[in-house]
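Before any questions on how it binds or moves, here is one chain, the form predicted on its own, in structure tokens.
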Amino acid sequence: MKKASIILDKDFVIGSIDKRIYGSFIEHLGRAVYGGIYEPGHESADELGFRKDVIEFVKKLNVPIVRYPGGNFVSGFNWEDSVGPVKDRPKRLDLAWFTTETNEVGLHEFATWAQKAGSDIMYAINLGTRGPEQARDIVEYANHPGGSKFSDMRIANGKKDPFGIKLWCLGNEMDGPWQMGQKTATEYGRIAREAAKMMKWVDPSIEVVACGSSSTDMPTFGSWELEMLDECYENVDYVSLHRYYGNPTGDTPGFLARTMDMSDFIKSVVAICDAVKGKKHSKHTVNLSFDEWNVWYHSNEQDQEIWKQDKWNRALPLLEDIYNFEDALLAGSMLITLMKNADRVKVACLAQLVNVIAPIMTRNGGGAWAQTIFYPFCHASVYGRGTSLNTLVDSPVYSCTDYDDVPYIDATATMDDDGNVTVFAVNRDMKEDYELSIDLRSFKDMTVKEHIMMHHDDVKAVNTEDDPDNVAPKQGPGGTVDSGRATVKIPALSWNVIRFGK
């Protein structure tokens, strides 16, 4: 059995973990809303048409915040279309996803759903086809108590008290040619500055997220952040990062190493933010919102066929990736990467939540079930709260097509308010189990309370409605603690959650 080690110390901390790094995302795309969270007539639907079985799955994930209503969708979205009597709301062609949006579910309905699911809203505004004026208006509608045009409109629409939305996205992926209203970095920086300024004049308590590069693959990555922040640095609180990974060639070792890219992405954007801070002699720190992350590649060809056959219909089954076991391992490593950067990543959103590249799947008129990626996200969200510890990992390494010196053991640790420690670890080794030694000497009288593990002999194994527990967590082999040193067996190709307490 191979060996790896971790050294932990309660005084060596990265920072407090903002609970919002366990956020998610629901866009008006595919069956995320219609057929996902909302299906009137379904046997589990409540009086408003929301599927209670889906809400129960979301509650298990302990999602503190949900980004809404897009995504690419938002760059052509008029927020006024989604309020007022449902019968009077217009149907619109959605040029982002080539479907028809009926606006049956809008801000009021989604806010009710979010409350039922125990989540806050991260609301995205349209800075593609619209601008600062409409941004100001929606903040007034959502958050102003009353006595003005748009707050009184909200009250007339049945919501006396403000929604109190505290986190706002200033558009979406504005560097992308696929985006309605694409802008240069300078153009976007200026409009983001003016929108943020006016929005905060309406409600000084809000925070805003400026659009960073859509991915590190963009030719303008780096220069986009520098030029954009040069225009709006003092007015924004976060810069967004988006990243998806795929494994179309079946290269599992290379696929599981993709978090090397994710880590570099985070460090690069932090460096750029701090460079602009220095240039401006500012006391203001801009942090990061990794508000789209996931595996996404399984459904690409399927989506092209759907558009050929069924363009402009409502709620097309788009982006319905069926996730396998290796996807869950990478999702676990992505969560580990977010926790490792908790000092600067304060918001993150698994994209998305239901049906669309999602941990939760449903069948129209049928059941709901958890995909493989559901479980690492659930474990991190439930147990990865409190303080992120500086985790010193000593592991054998490997090389693959794109990366060298990839640790076989990818791990991090957190400490909760009661002093309990949780170690999260992915074993990337295809064949070898590991004996993991964990130095806990700065924590007194610790024992192994629980070892949760996910493993499957087939990296392509999936969960289905008929076999929802094919890939699911179980109790791991556990371990011992002797004189402040724990020894735990980490099986080959596995996701592990090791919980220590007194």
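One-based numbering along the sequence shown. Just so it is clear, the model here is predicted, and its values are computed rather than measured.
Below: the form predicted together with alpha-L-arabinofuranose (AHR), not depicted.
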Counting only non-hydrogen atoms, the one stretch of 291-299, 190-198, 422-430, 308-316 within 4.5 angstroms of alpha-L-arabinofuranose (AHR) in the model of the complex is 291-299
With heavy atoms only and a cut-off of 4.5 Å, decide whether L29 touches alpha-L-arabinofuranose (AHR) in the model of the complex. yes
Give a yes/no on whether E101 approaches alpha-L-arabinofuranose (AHR) to within 4.5 Å in the model of the complex, heavy atoms considered. no
With the partner left out here, check for me: in the model of the complex, does some heavy atom of E173 sit within 4.5 Å of alpha-L-arabinofuranose (AHR)? yes
Even though alpha-L-arabinofuranose (AHR) is not shown here, does G71 get within 4.5 Å of it in the model of the complex, heavy atoms only? yes
With alpha-L-arabinofuranose (AHR) left out of view, which of W97, F150, Y403, F255 would have a heavy atom within 4.5 Å of it in the model of the complex? W97
Using a 4.5 Å cut on heavy atoms, which of L127, M339, I357, M122 is close to alpha-L-arabinofuranose (AHR) in the model of the complex? I357
Does alpha-L-arabinofuranose (AHR), in the model of the complex, lie within 4.5 angstroms of each residue among W178, H242 and Q352, using heavy atoms as the measure? yes
